[in-house]
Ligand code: RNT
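A single chain comes next, written as structure tokens; it is the form predicted on its own.
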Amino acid sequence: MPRASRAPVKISPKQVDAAWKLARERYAALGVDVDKAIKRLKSIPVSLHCWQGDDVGGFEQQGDAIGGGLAVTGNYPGRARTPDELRADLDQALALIPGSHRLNLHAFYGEFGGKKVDRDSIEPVHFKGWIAWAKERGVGLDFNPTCFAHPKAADGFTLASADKSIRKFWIEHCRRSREIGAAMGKTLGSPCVTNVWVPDGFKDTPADRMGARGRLADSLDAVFEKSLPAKHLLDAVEPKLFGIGAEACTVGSAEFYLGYAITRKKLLCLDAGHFHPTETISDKISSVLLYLPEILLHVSRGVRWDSDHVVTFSDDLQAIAREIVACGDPSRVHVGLDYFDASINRIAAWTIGTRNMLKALLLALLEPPGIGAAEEAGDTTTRLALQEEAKGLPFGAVWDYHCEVEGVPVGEAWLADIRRYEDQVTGKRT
């Protein structure tokens, strides 16, 4: 694989400590307790998405295309081909990311022993390997029904299908997914956020939108009919604006699921790539939290119509993180990632995206209180001035110190670990 000629620069612990002390003093002068900010950051887990590691392939061996408006581009060598390979790759990524985090699994990543197990027959036993891996590492698990890449989703409809037998199949799949999520949460002692997303929609103008949405609502009610303990399972539902093949009408729109989540007391998932390219989910967080006790975020980066790019340290990401912190209780927001890039090293994609999410959260936690105080006083001039001045504060030195203390590489030094793993492991996969 092509590589830059310059080796990653390694910053010495002495340099990190010197910069940290100066940054701490600078922030303290503005009323920011940096130690408290780092402590709060450690309490916010990010749920890494398993599907970045194998290009949304799963382990069913059905051979169906992803579908559902989803597509993966790129052919970088070394994708995970087995659960063991995927777990090893996740171990490598987690070793480069500060803090304790979670893993988000899709249903078709179960371990089926080479047998054909259709999705309306999956059970917790098919995920015992994942549960054991998570328990050994102290990692929480989240879960998703997989309502795509299946013959019974070939026409783009699942829970909203006009065919009763199709709806019955997917209802059972989602019910079993909830049971699996609850089993994960019970074993690991941490609630499993189980998120339902379906691709159902019309490529061209439908004659009956209401009928499709009524079927979806009825199907979801059937999925959630059984009450499961909240200490084990948190139910979430996820809207989308459109996908490939559903350009004219997505049945599960933002308005549909907002109403559903409020009336049925479910978490609403806001996906950064599921809205119009000119929208950002940051402005939606405070609105939704007025009516729902908790929400789920799927953080990705939209580029034109495509939502699934690796998360970068962009203005949008920083705005999302700021709103998570500004809501007053970050534990009300469950943060997960959702992108898949097969054009670059997949473990690097995890590492870059997760570290950027954590950087954005740290930046938000380090916001000088004078900004909010100026707004409360009605002094919008000072608010803007302080917001702009805050952009030059030595946030990077605090992040480097956090990485050093957490025992993960500082700065770009993690690239050397990625290259070493590529040479020894992923580069040998065919």
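If you're wondering where the values come from, they're calculated on a predicted model, not measured in any experiment. One rule holds for the numbers: they count along the sequence shown, beginning at 1.
Absent from the display: the form predicted together with this ligand. The rest refers to it.
Engineer: Considering H101, R346, R119, K240, which brings a non-hydrogen atom within 4.5 Å of this ligand in the predicted bound form?
Structural biologist: Contact with this ligand in the predicted bound form is made by K240 alone.
Engineer: Name the residue from H232, H106, K359, K266 that puts a heavy atom within 4.5 Å of this ligand in the predicted bound form.
Structural biologist: Comparing distances to this ligand in the predicted bound form, the residue within 4.5 Å is H106.
Engineer: Does any heavy atom of W197 come within 4.5 Å of a heavy atom of this ligand in the predicted bound form?
Structural biologist: Contact with this ligand, yes.
Engineer: Evaluate W399 for contact with this ligand in the predicted bound form, applying a 4.5 angstroms cut-off between non-hydrogen atoms, and reply yes or no.
Structural biologist: Looking in the predicted bound form, residue contacts with this ligand do not include W399, since no heavy atom lies within 4.5 Å.
Engineer: Is H298 a contact residue for this ligand in the predicted bound form, using a 4.5 Å heavy atom cut-off?
Structural biologist: It does: once this ligand is placed as it appears in the predicted bound form, H298 has a heavy atom within 4.5 Å of it.
Engineer: Would D89 show up as a contact with this ligand in the predicted bound form if we use heavy atoms at 4.5 Å?
Structural biologist: It does not: once this ligand is placed as it appears in the predicted bound form, D89 has no heavy atom within 4.5 Å of it.
Engineer: So which of 336 to 344, 151 to 159, 180 to 188, 165 to 173 is the stretch with heavy atoms within 4.5 Å of this ligand in the predicted bound form?
Structural biologist: Stretch 336 to 344 is the one.
Engineer: At 4.5 Å by heavy atoms, is each residue in W51, D271 and H274 next to this ligand in the predicted bound form?
Structural biologist: Answer is yes for this spot.
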